[in-house]
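Encoded as structure tokens, the following chain is the form predicted alone, with no partner shown.
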Amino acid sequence: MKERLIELYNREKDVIRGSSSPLVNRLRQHAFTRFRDKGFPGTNLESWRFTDLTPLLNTEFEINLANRFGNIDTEKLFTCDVYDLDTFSITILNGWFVHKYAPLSKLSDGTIIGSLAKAMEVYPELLDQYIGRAAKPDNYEMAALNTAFFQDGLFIYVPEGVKVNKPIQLINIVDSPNPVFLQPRHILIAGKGSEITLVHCDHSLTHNVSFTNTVMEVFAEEDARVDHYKIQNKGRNSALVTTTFIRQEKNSKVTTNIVTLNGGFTRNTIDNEISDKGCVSDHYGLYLVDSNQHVDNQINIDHASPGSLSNQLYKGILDDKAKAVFSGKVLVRRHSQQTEAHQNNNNILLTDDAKVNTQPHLEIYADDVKCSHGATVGQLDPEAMFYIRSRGLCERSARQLMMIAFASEVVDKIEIEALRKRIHSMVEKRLKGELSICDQCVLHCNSKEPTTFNIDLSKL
């Protein structure tokens, strides 16, 4: 796979670059050199010790370097089932921004939303101020690969003082009859004193093999607020690697909440640099995995300035032979006095075959700080189970009630009421095993072919 990508880049360099500025092309070339020299990350690296990409790279993936979609009716492609969720909805299909009317929109308040490829063409000066400033391809191999190859994705710019009046919903869809390798790039810029909420939904419309390697850069300028909710409900044959780089300026607040409901292989990495004082950084996550699913969450927070607060709370429930990895690292630099940082990872294993590797890290070089970390791995509390059953509930209902209560601490952090209610419902269904019913259903609603039933009338 590595050699194929190197050959592809050298052969199609001009196509990949498209309308990129000279600065972006320099970033591409540097990242390509990094990938050519280092390749894909292996289990010899500490951050990848429990997550092996090798089996995923044996597939002969299709890599599309041209947008084949153009103007399409995105409402027919996917309809969000979150009731009363009023959002500005945009769609990424197989790595490309698709739209019904225009690839780039400028709202009345000056907010720009649309295709990154189009934004690089229309606003090159604005892009050059930000793109690549937060990303660290030298430290993250998959980010280097994305930086070399990305062509399109989502671009959001919120001007100074603007409060976007409704959430922006990014719907990232994979729908291909063949195995595809996708590398979208997203950039969110929240200007000074601005506020924005992004709801990011990852979905698969087929059960075919896919590999999505996404990089997102988030810039929160002074006094800005960014809320980022990410819902992952992918097919069992999908691989999703997401690396999110966050850079915070003075008194900004960034909140992320990642809910992983389904997916064959999922790895989420957040690299959060707090570059000025008075910042608040909250990161929440919930993962519910079963069968042979694998989910890996990596959180790295760099307190590079004094007087800021960060929180991490990740929870997981694992069934069957599922595997999970959590690594939360907090770095407090020598001059970052009066830092407060808290980190917690809790896991419930429902079977003896389920496995989780959790690694909380604190690296502190300042002495006037308040920091804590903790991790737990265990089963459902038998005493609590006995108490609930003594109130008349059966064992199955008691187990589900305890798991729902365990997961609710993360879901309750979602501030959008309609989304919070829907995620509560989806989590409840997931814990009951209902969200996987599509795998066995004979209707195949997403299929392009009509469904036929062979009925022997003589038996009626």
Partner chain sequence: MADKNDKLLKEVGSSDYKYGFYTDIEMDQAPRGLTEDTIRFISAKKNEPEFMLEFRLRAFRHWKTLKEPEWAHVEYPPIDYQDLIYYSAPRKKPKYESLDEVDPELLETFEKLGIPLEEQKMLAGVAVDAVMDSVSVGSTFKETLAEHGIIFCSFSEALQKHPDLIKKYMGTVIPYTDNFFSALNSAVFSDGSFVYIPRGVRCPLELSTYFRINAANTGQFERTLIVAEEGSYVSYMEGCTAPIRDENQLHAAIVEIIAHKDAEVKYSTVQNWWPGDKQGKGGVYNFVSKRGICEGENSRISWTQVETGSAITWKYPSLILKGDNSSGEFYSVAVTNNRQQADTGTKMIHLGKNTRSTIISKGISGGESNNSYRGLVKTSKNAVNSRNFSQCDSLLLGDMCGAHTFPYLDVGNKSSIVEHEATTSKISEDQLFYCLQRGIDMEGAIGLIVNGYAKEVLSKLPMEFAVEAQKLLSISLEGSVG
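It should be emphasised that the depicted structure is a prediction, and the values quoted were computed from it without experimental measurement. Residue numbers count along the first chain shown, from 1.
The same protein has a further form, the form predicted in complex with the partner chain, not shown here; the description that follows concerns it.
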Give a yes/no on whether Asp352 approaches the partner chain to within 4.5 Å in the model of the complex, heavy atoms considered.
yes
Touches the partner chain in the model of the complex: Glu46 (any heavy atom, 4.5 Å)
yes
Please determine whether Leu362 contacts the partner chain in the model of the complex, using a 4.5 Å cut-off between heavy atoms.
yes
How about Met385 - does it come within 4.5 Å of the partner chain in the model of the complex, if we only consider non-hydrogen atoms?
no
Selected contact from Leu107, Val280, Leu126, Ala366, since only one has a non-hydrogen atom within 4.5 angstroms of the partner chain in the model of the complex:
Ala366
Using a 4.5 Å heavy atom cut-off, which residue among Phe50, Phe32, Phe406, Phe61 comes into contact with the partner chain in the model of the complex?
Phe50
Taking 4.5 angstroms as the heavy atom distance cut-off, pick the stretch from 297-305, 342-350, 161-169, 226-234 that is near the partner chain in the model of the complex.
342-350
Within 4.5 Å of the partner chain in the model of the complex - does that hold for a heavy atom of every one of Val356, Cys371 and Val377?
yes
Restricting to 258-283, the residues within 4.5 Å of the partner chain in the model of the complex through any heavy atom are none
